[in-house]
Ligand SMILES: NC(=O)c1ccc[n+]([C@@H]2O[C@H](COP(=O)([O-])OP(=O)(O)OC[C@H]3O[C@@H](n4cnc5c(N)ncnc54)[C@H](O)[C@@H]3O)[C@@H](O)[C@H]2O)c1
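Single chain ahead, by itself, as structure tokens, in the form predicted alone.
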Amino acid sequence: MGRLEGKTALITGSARGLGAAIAERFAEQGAEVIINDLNLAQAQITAKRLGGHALACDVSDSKAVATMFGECAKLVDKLDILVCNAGISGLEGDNDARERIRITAENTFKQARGEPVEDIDANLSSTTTLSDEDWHKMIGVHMNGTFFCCREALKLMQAKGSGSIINMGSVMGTFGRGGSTHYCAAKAGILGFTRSLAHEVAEQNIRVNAIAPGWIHTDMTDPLEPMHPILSAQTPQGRLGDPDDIAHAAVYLASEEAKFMTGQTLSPNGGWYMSQ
């Protein structure tokens, strides 16, 4: 019997990338999966491959989230697992991002050799140039989206008296890194929210944990390719991770093997950031 046999799981942002990897491992372990994504067509492709269901929703829209969970309740008779994975990097639609990242990588190598670097303005966006719109969008998708989805999922889980919620953080929310303060703030907020919610619902037999991935090969990190050698060199294991490094952690947290785990953050990151 699979480790998630008889369980139902909704994974946000799971048409591709980390979310799809998590959904695939869940399905392999016997779970019935519900694939959420902004793009319904892509969600349907992944859902069909995994024998699951597809629902489209912008997680930053509270009304859309409530509607999605209403549809979820019609598709399945219970919700055992929620994975809040939907997210953005902030580089979407930025055609100049790869060039700025290339310059940043070159500057890093030059600094290590004691050579002069190019104008700092060519580096990744800093807080002084971060717009209100970009800040609110990042917080909206990550922080608000996690809250909206947890709020609706709890209504279903509380009705049956059990559940497991997994929120997607990041080493950027534990360690922090300049040039992406909105992303770091959103991920740090998710980790704090996870701990607080875990306290709140523990007596209801609902567990709430987080995963804080390190640098993983996904579509989202593709624009950072010029930085990959540097990030690999900074990682004690000497490489970036792959989606399964995160998916297997999610399977563990969702399973009964983690029945005494709540309010915790697992961080598969190859040693890039070590804590506790």
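Note that the structure is predicted; figures quoted are calculated from it, not measured. We number the residues from 1 along the sequence you see.
Missing here is the form predicted in complex with the ligand; even so, the following discussion is about that form.
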item: Per-stretch contact check against the ligand in the predicted bound form, the hit in 135 to 143, 174 to 182, 193 to 201, 154 to 162 (non-hydrogen atom, 4.5 angstroms); value: 135 to 143
item: 4.5 angstroms heavy atom contact with the ligand in the predicted bound form for A86; value: yes
item: I216: touches the ligand in the predicted bound form, heavy atom cutoff 4.5 angstroms; value: yes
item: Contact label in the predicted bound form: M220 to the ligand, heavy atom within 4.5 Å; value: yes
item: L253, heavy atom within 4.5 angstroms of the ligand in the predicted bound form; value: no
item: Heavy atom within 4.5 Å of the ligand in the predicted bound form - the one residue of A31, V59, A210, I34 that qualifies; value: V59
item: Stretch 146 to 178: residues contacting the ligand in the predicted bound form, 4.5 Å heavy atom cut-off; value: M168, G169, S170
